[in-house]
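First, one chain by itself in structure tokens, the form predicted on its own.
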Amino acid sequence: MDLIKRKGKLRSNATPYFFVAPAIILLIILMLVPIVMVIWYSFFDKVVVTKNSNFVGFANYVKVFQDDVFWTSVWNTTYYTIISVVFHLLLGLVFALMLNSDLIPSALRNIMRLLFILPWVLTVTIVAIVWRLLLSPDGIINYVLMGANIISEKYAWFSEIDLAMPALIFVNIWSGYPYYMVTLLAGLQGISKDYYEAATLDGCNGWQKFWYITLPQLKPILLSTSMLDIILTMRVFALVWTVTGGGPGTSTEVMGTYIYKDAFSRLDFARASTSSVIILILSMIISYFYIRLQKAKEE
């Protein structure tokens, strides 16, 4: 009798694991196995393209760290990420406050919400094509700026070393701020109006309400959203590759394009794997802090 009860208890305890087993197996096949393979490849030379690969230890890591282009890609990725995340946050917060304001009529807020979220709906490819046309030498941006006497000549924004990276960052900011806007708008709508009514009775102005009520209430959302945005922006590839391909020169070379060129242009999968492991480690460090922020918010 006891044996039957134990088997029944074991079966009931194991039932939930059977339901999640397909997802776990899929996760292992699609994520864990490739990660292990990439880490393994980083310790060998001439992997994938030939069977005569040799174990070289950390030699690939030494080569990558001695490559000036790698450090250029690291700097460009860091610069791109920091500027993009800061302006994502600022624009997202400004537009969220506008959409949450009672000073704007409800009908106009609905139209603004549709227009503001539009960049987030477009795919990276569409965004790249649209902005390559807009920022081409004969594009409308040059036409408008010259008409307003802001510039005196046409610029090839994505083809000039000094302008390519700022132009790319501008495009990324334009396409990425709605993520913050939507998240922060949800946070703003969750703040009780009683706080603001009490502050009004105490004689607080709009700036004081924003600084002492709105920001503290949004702090957990701001921190977690920013950390997640850092992880996503740091892994940029599609936008840069579609618009500039890492050029001109190495002015827009980011870690994603650096790895892609190593793997599919130079067929050096060992170095590409090494660079990927470095990005993985950086992402895991940032993810660790993101998880800690999430736990702190839940507590």
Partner chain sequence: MIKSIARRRKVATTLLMIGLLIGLIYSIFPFLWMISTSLKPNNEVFAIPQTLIPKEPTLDAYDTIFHSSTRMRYFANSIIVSLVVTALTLVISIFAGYAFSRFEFRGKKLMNMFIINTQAIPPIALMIPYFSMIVMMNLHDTLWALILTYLVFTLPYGVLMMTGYFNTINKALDEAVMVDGGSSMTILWRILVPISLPGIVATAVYTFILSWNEYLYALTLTQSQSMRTVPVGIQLLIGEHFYVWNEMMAMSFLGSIPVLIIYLFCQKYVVAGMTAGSVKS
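Just so you know, these numbers come straight off a predicted model, no measurement behind them. Residue numbers count along the first chain shown, from 1.
If you look for the form predicted together with its partner chain, you will not find it shown, but the lines that follow are about it.
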Q. Just one of I161, I151, M112, L215 has a heavy atom within 4.5 Å of its partner chain in the predicted complex. Which one?
A. M112
**Q.** in the predicted complex, the one of I221, I83, L89, A199 near its partner chain [non-hydrogen atom within 4.5 angstroms]
**A.** I221
Q. Do heavy atoms from each of L26, Y179 and T242 fall within 4.5 Å of its partner chain in the predicted complex?
A. yes
(Q) Given a 4.5 Å cut-off on heavy atoms, tell me which of 65-73, 52-60, 245-253, 265-273 is the interface stretch with its partner chain in the predicted complex. (A) 265-273
Q: Answer yes if any heavy atom of T77 is within 4.5 Å of a heavy atom of its partner chain in the predicted complex; otherwise answer no.
A: no
Q: Would you check, heavy atoms only and a 4.5 Å threshold, whether L99 touches its partner chain in the predicted complex?
A: yes
(Q) Within 4.5 Å, heavy atoms only: does R235 come near its partner chain in the predicted complex? (A) yes
(Q) Is R132 part of the interface with its partner chain in the predicted complex - any heavy atom within 4.5 Å? (A) yes
**Q.** Interface residues of 17-34 toward its partner chain, as seen in the predicted complex [heavy atoms, 4.5 Å]
**A.** Y17, F18, F19, V20, P22, A23, I24, L26, L27, I28, I29, L30, M31, L32, V33, P34
